[in-house]
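Have a look below at one chain only, the form predicted on its own, in structure tokens format.
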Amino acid sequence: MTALAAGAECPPRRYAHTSVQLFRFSAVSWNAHRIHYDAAYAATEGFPDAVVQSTLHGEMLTRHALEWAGPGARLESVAWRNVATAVAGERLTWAATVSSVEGARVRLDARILKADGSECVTGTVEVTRAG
């Protein structure tokens, strides 16, 4: 396992959610609010497209942290705050900085950034890396 220190930057992960992903995530999470899967309806509420679910942002914080941590990594905790809205097709970037290391347990200050660099989501993810 590579030695880590607080302040280390994780490689960024870039992605965009499709309207199909938003529809499917709404279905599996029992989220029936139309702004998450119906772009025309979302427009009536002032959004340019279907809105990314807050829980999907949390899932992305977690997914990318676990991918970064490597095979066998275990999620210990995740917490996040949505600070801006993201919509289908919008380019997003997961970024994280190691904030603490205690043995195999690593705490990341994670964020999801919009294309202009502004924060969409901020949070922390704690993982235990496999030996």
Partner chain sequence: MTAPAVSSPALEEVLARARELIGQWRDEDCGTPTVKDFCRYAAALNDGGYISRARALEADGRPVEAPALFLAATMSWEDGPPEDELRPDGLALRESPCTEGLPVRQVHGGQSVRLARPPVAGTRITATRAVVSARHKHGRSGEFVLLGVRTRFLSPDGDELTAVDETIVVLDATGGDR
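Numbering follows the first chain given and starts at 1. Treat the numbers as computed from the prediction; the structure is a model and nothing was measured.
Missing here is the form predicted in complex with its partner chain; even so, the following discussion is about that form.
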Task: Whether A69, T97 and L113 all lie within 4.5 angstroms of its partner chain in the model of the complex by heavy atom - done: no
TODO: Find out whether any non-hydrogen atom of A104 is located within 4.5 angstroms of its partner chain in the model of the complex, and reply yes or no.
DONE: no
Task: Non-hydrogen atom contact S19 with its partner chain in the model of the complex at 4.5 angstroms - done: no
- [ ] Determine whether any heavy atom of R91 comes within 4.5 Å of a heavy atom of its partner chain in the model of the complex, and answer yes or no.
- [x] no
Open item on the list: Check A40 for me: does it contact its partner chain in the model of the complex (non-hydrogen atoms, 4.5 angstroms)?
Closed with: no
Open item on the list: Just to make sure I understand: among 22-44, which residues lie within 4.5 Å of its partner chain in the model of the complex, judging by heavy atoms?
Closed with: R24, F25, V28, S29, W30, N31, A32, H33, R34, I35, Y41
